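Take a look at this single chain in structure tokens; it is the form predicted on its own.
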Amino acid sequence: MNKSRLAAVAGVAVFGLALAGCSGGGTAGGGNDATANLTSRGPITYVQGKDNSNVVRPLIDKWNAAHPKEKVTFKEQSDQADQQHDDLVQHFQAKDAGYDVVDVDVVWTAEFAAKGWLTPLTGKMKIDTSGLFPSAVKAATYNNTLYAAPQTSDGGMLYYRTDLVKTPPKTWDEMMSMCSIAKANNIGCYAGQFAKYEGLTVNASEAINGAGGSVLGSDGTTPTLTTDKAKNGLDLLAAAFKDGNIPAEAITYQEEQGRIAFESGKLMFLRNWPYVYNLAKTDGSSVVKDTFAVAPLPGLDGVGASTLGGHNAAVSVYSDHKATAKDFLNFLLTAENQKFFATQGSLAPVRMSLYDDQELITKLPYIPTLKESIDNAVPRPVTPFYPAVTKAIQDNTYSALKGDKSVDQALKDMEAAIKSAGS
């Protein structure tokens, strides 16, 4: 992921929750539209956020050269995730046939499927998902039905200073024990994304999951935040803020503030996304371009549990040419085009075989670490109630990190708010 995708990072990299009351799926808004035009072919429109990294246009040119009677037109949205979401909602509500294939954040997939706006990828619309990350496929599934094609994935990684730390920490406690090195060098030890926004949901969820806890129980509906393991996870973050292992200013950090601090030599460890790697290597202002590496996120007893990020491509139920739209989904999933997503846009492929591609590894040395991150990532369970759920996580985690609430009270309030979100 590069700078042009940053506006969507917060929406890409958050942890969704499945709640009781998530009933039905795919019938609320679409009705018979979902089964219409399944064999129809013709020109279509592909809708996605701003393409500053020039990933989409070359792919569409390639498709159009091979399909002169089924050309794809690119409808470019803004670079703001919330504006992209609202634009899609507006056109779905208007039953706009001009939005054939749409790029959706994995958090939005459940919402749009529940409202009946996405064509189920079953029967004539079925696509081959073998060879794709199972977690990415799960993130495109709602009520046991695939509603979108996983397009790109993402996972968090630990950036660390190789001139200060020879071997990266494998556990959270090991990382915290190294903070004396940072203090001796008058720099911050560790930071992630702790401002009150979607990134805080990501970091809080990773802390809880990495400590062996969970936000939801095995039934996929019941919040499990008032457990010893969940408490231990959030306690780790709160304690690190309290003792200064996470610098006080990190309470304001989103992705970019953390990246800039790390590139400026002000941090020893940073939790962030793959897009940071190329920037830290090439930015003229980066003082760590030759003195950093990446490792999996540390958990309580080993590799931690990253939150799964990514985007899906879905077919609108109102499309007039769904057969062409389905073929375009398959086109996006080819190994060649998935590799282009990585090399051109620093976007994580969903096709697992590419993570063993030596040419790709040479160009993007973080690929093996990213694969381990995605392999251990917690996929997003689906919920149409995500805005209320993530607000509950952000508000209460933020209060705990600032010391305005005890961790116990924050988790209790978080659980109560999540329960009420689906009622």
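Counting begins at 1, following the sequence as shown. Quantities reported herein were computed from a predicted structural model and do not represent experimental measurements.
We do not show the form predicted in complex with alpha-D-glucopyranose (GLC), though everything after this point is about it.
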How about residue 255: is it within 4.5 Å of alpha-D-glucopyranose (GLC) in the predicted bound form, going by heavy atoms?
yes
I'd like to know if residue 100 sits close to alpha-D-glucopyranose (GLC) in the predicted bound form, meaning any non-hydrogen atom pair within 4.5 angstroms.
no
Residue 197 within 4.5 Å of alpha-D-glucopyranose (GLC) in the predicted bound form, heavy atoms:
yes
Under a 4.5 Å heavy atom criterion, is residue 309 part of the interface with alpha-D-glucopyranose (GLC) in the predicted bound form?
yes
Per contact check vs alpha-D-glucopyranose (GLC) in the predicted bound form (non-hydrogen atom within 4.5 angstroms), the hit among 161-169, 103-111, 141-149, 238-246 is 103-111
Identify which of 273, 133, 318, 190 has a heavy atom within 4.5 Å of alpha-D-glucopyranose (GLC) in the predicted bound form; exactly one of them does.
273
Heavy atom within 4.5 Å of alpha-D-glucopyranose (GLC) in the predicted bound form: which of 81, 127, 178, 333 fits that? Just give me the one.
81
Using a 4.5 Å heavy atom cutoff, which residues in 132-156 contact alpha-D-glucopyranose (GLC) in the predicted bound form? It's fine if the answer is none.
154
